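One chain follows as structure tokens, the form predicted on its own.
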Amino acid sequence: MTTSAEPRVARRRSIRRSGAAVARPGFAWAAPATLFFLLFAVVPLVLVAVLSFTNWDGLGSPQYAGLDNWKALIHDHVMIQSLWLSVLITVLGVVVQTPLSILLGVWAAGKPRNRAILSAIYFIPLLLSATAISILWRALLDPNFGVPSQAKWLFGDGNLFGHQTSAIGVLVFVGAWQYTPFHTLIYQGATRAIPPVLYQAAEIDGAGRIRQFFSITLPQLRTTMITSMILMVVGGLTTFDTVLILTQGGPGTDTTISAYYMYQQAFKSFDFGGGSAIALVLVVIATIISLIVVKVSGYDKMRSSTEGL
């Protein structure tokens, strides 16, 4: 037996659906962003692709060189090493920053009290440029006048930039110090969006905080985690200023990542064709890794319960 309220509910749903269809924005809403993307992303990428097949020192007109730049990259041991170093530093950054960001984000999403003040202090690195942060840590870790020179019992000879392992460790640490607050902010917002009723039901069932964290919080943060990791991958593969200021690719070429090697080829050796080829390789690798993360995580199969505009 149907009630008189049921037709009204059905009518309201029909009106909402038809209203949503009518109110959906057209392409004109996306036109400014599309134009911006074409001008500042697609067009420069096409120009870089064209330059990768030329010889150009920055003066005069580029000369067509065919596949010479690409053949040189295949036999360039510094380039091969730089790719492995880029991937290594990126993976280490993800491994270090992800658990820290999740724990700090979940903590910061709790009852305010003093957490708001502490969170504001912790987010200060977000206000500083990568250049300023690199100069700061370069001074703090200076082997002659910095902290390592006063604590050799902990840092050995104090020259953290003189050995590959410690130099890579410094790059990972400085990157985490700068960017963990950003990802913490993402996790903080995502955690606050988790329905409180889930935790209330868990408490009724006798689940403690640790069980709630692993059974409710982490699963609910899955999509946020994938987004954060993709941002870390792209940021890690394109890191440049930190390496330029802290290690300058040294000792030797032990921390010469692909982005820094691209800079050396283009702006120090004036080989803009070779530098453009390296840039394209970085774009391809970042895209492949991001797609792998999306595929392995099942992110591409996830669906939202509320459709966007």
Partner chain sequence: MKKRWLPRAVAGSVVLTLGLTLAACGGSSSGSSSSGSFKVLVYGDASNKVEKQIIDTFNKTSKVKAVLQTIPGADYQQKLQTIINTKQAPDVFFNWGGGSIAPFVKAGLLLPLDDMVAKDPGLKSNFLPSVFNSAVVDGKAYGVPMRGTQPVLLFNNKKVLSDAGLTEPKTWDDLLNAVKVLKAKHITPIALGGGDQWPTLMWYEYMYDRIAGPGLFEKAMGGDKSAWDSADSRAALAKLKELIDAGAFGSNYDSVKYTDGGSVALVAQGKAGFELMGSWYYSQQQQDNPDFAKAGLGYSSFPTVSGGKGDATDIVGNTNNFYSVLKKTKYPDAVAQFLKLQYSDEFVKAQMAIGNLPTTTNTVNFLSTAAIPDYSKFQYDLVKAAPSFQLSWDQAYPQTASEAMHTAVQQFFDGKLDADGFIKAMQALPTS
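Given the structure is predicted, the values throughout are model-derived calculations rather than measurements. Numbering follows the first chain given and starts at 1. Throughout, rigid core stands for the largest set of C-alpha atoms superposing within 1.5 Å between the two forms.
Only in words, not in the display: the form predicted in complex with the partner chain, which the text now covers.
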Is it the case that Trp137, Gly175 and Thr224 all touch the partner chain in the model of the complex, with a non-hydrogen atom of each within 4.5 angstroms?
no
inquiry  = Within 4.5 Å, heavy atoms only: does Leu59 come near the partner chain in the model of the complex?
reply    = yes
>> Against the partner chain in the model of the complex, would Asp157 count as a contact residue? Criterion: heavy atoms within 4.5 Å.
In response: yes
Would Phe214 sit within 4.5 Å of the partner chain in the model of the complex, counting heavy atoms only?
-> no
| said: With a cut-off of 4.5 Å between heavy atoms, is Phe270 one of the residues that contacts the partner chain in the model of the complex? | reply: yes
Partner-free chain; cross-checking the partner chain in the model of the complex, the single residue of Thr238, Ser119, Gln220, Thr98 with a heavy atom within 4.5 Å is Thr238
Of the residues spanning 194 to 230, the ones with some heavy atom within 4.5 Å of the partner chain in the model of the complex are none
Core fit, then Gln63 C-alpha moves 2 Å or more between the shown form and the other one | yes
Phe37 C-alpha shift between the shown form and the other one of 2 Å or more, rigid core reference: yes
